[in-house]
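One chain comes next, on its own, written as structure tokens: the form predicted on its own.
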Amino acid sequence: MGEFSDKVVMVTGGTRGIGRAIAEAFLREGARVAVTYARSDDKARELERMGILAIKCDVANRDEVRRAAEIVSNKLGDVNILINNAGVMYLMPFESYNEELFDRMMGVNVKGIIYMTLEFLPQLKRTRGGVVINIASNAGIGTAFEGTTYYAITKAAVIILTKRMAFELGRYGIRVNAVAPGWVETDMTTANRTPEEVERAKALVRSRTMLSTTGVPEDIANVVLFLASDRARYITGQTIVADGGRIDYLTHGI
């Protein structure tokens, strides 16, 4: 019997990277787990063979999210724990603004959290003690990393959205927190880069952290497990930064 053996968990963007590590961690702890995914059909089938329910769903499309909520409720029962992990990142300098790409980031990174939480809220209410965890980024706090301004805007929105959701949903006994990862080696951070470019990026990040290290998906999954557990019953409205102690924040103010 695992720590979450009586829980149903939904993880968005759960077939790769951080989302997959989170989904597999909950599965090991006995939870009934569902994930959404946008494109990775092969990886979704891998998870289904492990016993995870995989649902193809664009979280930026509320109709698809509503359908996903119905499928999970019918097949697994009401969701106790919602992990809003799905995210996209397009690098662009401030002066190279691309409206289509920015709108897509806002749609997935921000509206996706809103739609998922709204559609799963009736289930979370019925569980009498639901948990929502949003995956933000230390970019939303303001790291000095080139090309991430527009991505950072969406993740800053996730951080304030987490506070507001905690404030409004606390009346139902629902806790809402966020995790803000630093540089974690995933498909998102290595896409369109050669192995040499990835190593240079990792070296740069290591030079900017107190621990001289970069992260792996399991580092974030461990924080999520804690926040979802009863050990964190007195924590809500918070953003936990897991970034190895980054020192390159743009200002000391808020």
Ligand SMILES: NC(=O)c1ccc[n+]([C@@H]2O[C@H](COP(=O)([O-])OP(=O)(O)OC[C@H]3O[C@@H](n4cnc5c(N)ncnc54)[C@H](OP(=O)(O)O)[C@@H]3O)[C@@H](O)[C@H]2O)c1
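The first residue of the shown sequence is 1; numbering continues from there. None of these values were measured; they are calculated from a predicted model.
FYI, the form predicted in complex with the named molecule isn't displayed, but the following is about it.
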| query | finding |
| --- | --- |
| 4.5 angstroms heavy atom contact with the named molecule in the predicted complex for Thr214 | no |
| 4.5 Å heavy atom contact, Ile135 and the named molecule in the predicted complex | yes |
| Contact label in the predicted complex: Val184 to the named molecule, heavy atom within 4.5 Å | yes |
| Residue contact check: Asp219 to the named molecule in the predicted complex, 4.5 Å heavy atom | no |
| Complete contact of Arg32, Lys75 and Gly130 with the named molecule in the predicted complex (any heavy atom, 4.5 Å) | no |
| Answer range among 95-103, 117-125, 78-86, 159-167 for contact with the named molecule, defined in the predicted complex as heavy atoms within 4.5 Å | 78-86 |
| Residues within stretch 1-29 having a non-hydrogen atom within 4.5 Å of the named molecule in the predicted complex | Gly13, Gly14, Thr15, Arg16, Gly17, Ile18, Gly19 |
